[in-house]
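Next up: a single chain in structure tokens, the form predicted on its own.
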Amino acid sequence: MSKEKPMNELPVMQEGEGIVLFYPHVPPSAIEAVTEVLKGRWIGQGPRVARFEKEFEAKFGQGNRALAVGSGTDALHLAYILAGLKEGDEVITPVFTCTATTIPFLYMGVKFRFADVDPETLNINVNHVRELINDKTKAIVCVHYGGLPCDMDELTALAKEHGIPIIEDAAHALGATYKGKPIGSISDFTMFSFQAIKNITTGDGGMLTIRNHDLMPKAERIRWFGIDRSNKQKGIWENDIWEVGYKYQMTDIGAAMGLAALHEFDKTLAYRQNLFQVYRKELAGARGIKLLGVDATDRTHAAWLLTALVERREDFMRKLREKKIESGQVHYRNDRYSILGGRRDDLPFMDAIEDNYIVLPLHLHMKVEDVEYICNVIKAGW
């Protein structure tokens, strides 16, 4: 059990001061695009949503189809439905992730088994997945924590051996690659998030890439109350609803933001990755801190989070706050929440590092000099 004290005695950063942990990036072209949408006929799901899907799948899907939705959580829930999961089925999912990965299983009555973390990356631990998998397992869910892809070859081999799908939670990993392949093109289903502070934002929103094209009509129906919109738009009543649907669509307002951000994404990603590498260079060999996920050579990091293990985390955070630098944990082990079943006792790696991981600022409102300043504060000790 964590023995760390509450952080409520830390200095509080005021609005507009210091270096914040996150800052949304909205390109000027997105503001112009949204203004154009607001002057037109379509502000809900319309032609820009379809265009965003096509351009996204061309860049990241490499043959997989793309479906735009209202949030990353929407995309995960749809993926779980499209994967055929039903009440009583069992899945393996990471213990360390946003609760959005796990909560949809509660909607569905699906049983989940938490897999431990890899202590070098905080991604899902493949060896623990191998121990947990059994004849009842119907899917493997993996999360590319911080933007670093999981060990996809090993996970894919396990999934093929047992004849089950992999569902990738790539909320952090837009722009990441694994052995030359973009995340979004590898597995049966991959979810992306466009929540406010992600590498691309649509205010809130998400995208699901789908390998089996035959599932697209069902996905489009479930996204829109279970209604076949193409038939509805013929102006005749031949629209039976035979499956439960949801209001999970993206709007043209969001898609306009997404398209604008997509068109400059390579520059955005390169900027974030450069800041990431400055951290790596400046903190190499620094005492009391170890950066996670910085040494992989067969995959590229999307640089959404810069995460480290630090000694005396509370003192570390206090020192940064005194220097007007924000930091935080961002995500927590899901078994700390009573709604998700409470504390497990078979997660030794998560137990070992839960009081030591910390996320440092990384966003487009930072300059290289900001990263160097943060690193100098850290290297001075705490």
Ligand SMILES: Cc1ncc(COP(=O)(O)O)c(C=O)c1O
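Just so you know, these numbers come straight off a predicted model, no measurement behind them. The numbering used is simple: start at 1 and walk along the sequence shown.
Keep in mind the form predicted together with this ligand is missing from the figure; the text below concerns it.
Undergrad: Give a yes/no on whether Ser193 approaches this ligand to within 4.5 Å in the predicted bound form, heavy atoms considered.
TA: Judged by the heavy-atom cut-off of 4.5 Å, Ser193 is in contact with this ligand in the predicted bound form.
Undergrad: Does the 4.5 Å heavy atom contact test between Lys198 and this ligand in the predicted bound form come out positive?
TA: So Lys198 counts as contacting this ligand.
Undergrad: In the predicted bound form, is there a heavy atom of this ligand that lies within 4.5 Å of any heavy atom of Gly72, even though the partner is absent here?
TA: Judged by the heavy-atom cut-off of 4.5 Å, Gly72 is in contact with this ligand in the predicted bound form.
Undergrad: Does any heavy atom of Arg223 come within 4.5 Å of a heavy atom of this ligand in the predicted bound form?
TA: Although this ligand is absent here, Arg223 would stay clear of it in the predicted bound form, with no heavy atoms inside 4.5 Å.
Undergrad: Out of 264 to 272, 166 to 174, 214 to 222, 121 to 129, where are the residues with a heavy atom within 4.5 Å of this ligand in the predicted bound form?
TA: Selected stretch: 166 to 174.
Undergrad: Which residue, Ala255, Ala115, Val143, Ala303, is the contact with this ligand in the predicted bound form, using a 4.5 Å heavy atom cutoff?
TA: Result of the distance check: Val143.
Undergrad: With this ligand left out of view, which of Ala139, Ala100, Ile289, Ile186 would have a heavy atom within 4.5 Å of it in the predicted bound form?
TA: Checking each option against this ligand in the predicted bound form, the one that comes within 4.5 Å is Ala100.
Undergrad: Every residue in Leu76, Gly205 and His331 with a non-hydrogen atom within 4.5 Å of this ligand in the predicted bound form?
TA: Every residue of the candidate spot has a heavy atom within 4.5 Å of this ligand in the predicted bound form.
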